[in-house]
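In structure tokens, the next block holds one chain alone, the form predicted on its own.
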């Protein structure tokens, strides 16, 4: 098993190349009104400059949320040059219904999915587990599939080991990689990666990065979803309540340092949860030395 406390040895030139070759992806949620729609397109345009591997779009399983998700995907697929990875959840859908939705996505040109259980109420004839869902998606079409991973353990998991075994089954069912829940303690992620390798998981475990736009909101959200916020972060942001300019500066430095550490430990890809506010994500990427895409640079 790897020793996560032993940093990868790289000289300056090697680390520069490592940064420049880092693959980025960015997550958005479907806008709920015209103002948010306009904001989304500005955000997409900014992040396109970085030449990301893909944009992912979250999915609302019910009613108008589902239609907003599908409409956003359709627009982005038509107008955005960056490949899309569509979230799709099976809870709240019968097997037939959710596979019809996946087929509709494929017909629109979507070739990558993020397959999730979701938190909607189960319905009759729905899939029993995520690995069965993944297998059915792979039989339906040649999708490239990502799944979720939880460095600090899924809140409903029986144990850390059970959570890892579940992840292994999802990957063995046909997923290519796992994208992690966001975290703020890099050592927790590295220990998780070591434990995953220890049970034979060889797929990429892409770390999820959440730049802190508003610490109070992130703190409340993290309490609900089970993400650990270290005491050092609470001390760092103490006294900054309501001062988003100061929080932006602190978050930028914090996130760059986190990503630097991850890259030095051999991570090749980073997934940013943008919350449809990409300024920090873009700033962090540029501070890391991520170049603008050659297509954009050549056109300038």
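Residue numbers count along the first chain shown, from 1. Since the structure is predicted, the reported quantities are computational estimates derived from the model, not experimental observations.
Absent from the display: the form predicted in complex with flavin-adenine dinucleotide (FAD). The rest refers to it.
The closest non-hydrogen atom of residue 156 lies within 4.5 Å of flavin-adenine dinucleotide (FAD) in the predicted bound form. flavin-adenine dinucleotide (FAD) is not drawn, but in the predicted bound form it has no heavy atom within 4.5 Å of residue 175. Proximity of residue 93 to flavin-adenine dinucleotide (FAD) in the predicted bound form: non-hydrogen atoms within 4.5 Å are absent; the residue sits far from the partner.
Although the partner is absent here, residue 193 lies well away from flavin-adenine dinucleotide (FAD) in the predicted bound form, with no heavy atom inside 4.5 Å.
This chain lacks the partner; the member of 112, 181, 72, 126 within 4.5 angstroms of flavin-adenine dinucleotide (FAD) in the predicted bound form by a non-hydrogen atom is 181. With the partner omitted here, the stretch from 94-102, 76-84, 156-164, 211-219 that lies within 4.5 Å of flavin-adenine dinucleotide (FAD) by heavy atoms in the predicted bound form is 156-164.
Remark: none of the three candidate residues (189, 228 and 257) comes within 4.5 Å of flavin-adenine dinucleotide (FAD) in the predicted bound form, counting heavy atoms only.
Residues of 118-148 that come within 4.5 Å of flavin-adenine dinucleotide (FAD) in the predicted bound form, judged by any heavy atom, are 118, 119, 130, 148 in sequence order.
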